[in-house]
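Given as structure tokens, the chain that follows is alone and in the form predicted alone.
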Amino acid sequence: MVKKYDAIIIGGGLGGLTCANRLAVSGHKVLLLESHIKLGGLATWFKRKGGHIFDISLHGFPIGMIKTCRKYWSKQIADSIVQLKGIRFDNPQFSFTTTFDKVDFKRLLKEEFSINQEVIDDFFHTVRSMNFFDDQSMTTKELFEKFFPGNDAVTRMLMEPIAYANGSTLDDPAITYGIVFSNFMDKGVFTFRGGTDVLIKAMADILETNGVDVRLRSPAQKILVRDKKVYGVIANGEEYHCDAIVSNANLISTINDFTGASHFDDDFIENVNKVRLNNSSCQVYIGIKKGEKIDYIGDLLFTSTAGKFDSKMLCAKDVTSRTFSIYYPDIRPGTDMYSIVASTNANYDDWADLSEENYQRDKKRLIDTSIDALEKYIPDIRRKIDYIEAATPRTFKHYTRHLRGASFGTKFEGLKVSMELPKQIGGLFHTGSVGIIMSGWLGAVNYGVIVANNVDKHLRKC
């Protein structure tokens, strides 16, 4: 490592990786610091004995990911993005399979829920027109009441998958729902064929080709500030100087821990203190024995035993709703392995202070109840399982260093704070998961591009 760079990126999530790549392509000398043993942030994976590879997170993103990856990464990466065509809902209010696109959702609203076509068209037009600068006073609940008053079933169909995708609730601003929903409603849900390990390896190769200095096991300890401008980072006890710093870490950690609140204006810190963290997640990773097969039951299963959609119940420790991501061999070409990931939204406080004994007990209960729920769709699943383990909000906090294991960053008020960092301290930028609508793979990559453009302008002025 040299002692002087143009820009230093703290954190190798998708936003940080994309920002680093864009700056390198623009001719800047870039250092990327990652505390973990591999890149990717929450876009990651792990391997276990028996040939199992488990992808972390719910891997579904809009078609926009193809264009974004082709433009800002490579055609090879873009060409590996494929559609998931079997999105299945099963709960006490309805049960069906959909391609999860605008055409099919409009059909379902009309045929399954008897909604007037004019109302359907008006709803889709309204959410498609939403943008960051709209009035934020309307909540998602009020949006649904405006178009589908008293219709709990429609609320569930429209809201449940988005809540899994970005942690949003009925009480959040309607635009945090509308922007994400309308992106998915364009052409459906897509994933990366080959697995996350293949994707991140391809990105790492591109970073190396473009000259980014990538350092793993290198946690940033302090952002150095002088006269309201950044001048470097302390990492592994050494100072590395630069003209711009981009944090891909948690927004609140970036301000309070890495930089220090004393460097910011009091009214700005007042707004920082109002920023709420989003919820966390639990996941159960299920490996199927080599040689065993699973009949096609859909790519994503949104399952629930709850009577209706409830944002608080969706995160409750007594799980009533899960999403099963089914990984068939064609998702990882060249293998004959199947795996399943059960995902639930969760509250950090439910897991944070458990004794080790109670923690292991509750993890086992999470695993057992997930298998119980899966038996409805794969009756002989227990016989086919070769490996199983679980992750909780404590797990996510440990590996990502997100405050309270916040899988989806901050609530919407965090976006304004994130974007105003350079106005407070010259050369300090942030590209983490903020404002709900920036969560998810597509949002992370696009925010990385936006921030890279701003950093490039700053560096050229320098």
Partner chain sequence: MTKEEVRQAVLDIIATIAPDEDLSTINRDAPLREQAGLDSMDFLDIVMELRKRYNVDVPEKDYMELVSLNSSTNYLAPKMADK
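Residue numbers count along the first chain shown, from 1. All figures in this text were calculated on a predicted structure; none of them were measured in a lab.
Below, we refer to the form predicted in complex with the partner chain, which is not included among the displayed structures.
- Heavy atoms of Ala452 reach within 4.5 Å of the partner chain in the predicted complex, making it an interface residue.
- Contact annotation: Lys4 falls outside 4.5 Å of the partner chain in the predicted complex, judged by heavy atom distances.
- Although the partner is absent here, Tyr72 lies within 4.5 Å of the partner chain in the predicted complex, judged by heavy atoms.
- Residue contact with the partner chain in the predicted complex: His398 places no heavy atom within 4.5 Å of it.
- From the list 62-70, 407-415, 429-437, 35-43, the contact stretch for the partner chain in the predicted complex under a 4.5 Å heavy atom rule is 62-70.
- Contacts of stretch 11-25 with the partner chain in the predicted complex, defined by any heavy atom lying within 4.5 Å, are made by Arg22, Val25, listed in sequence order.
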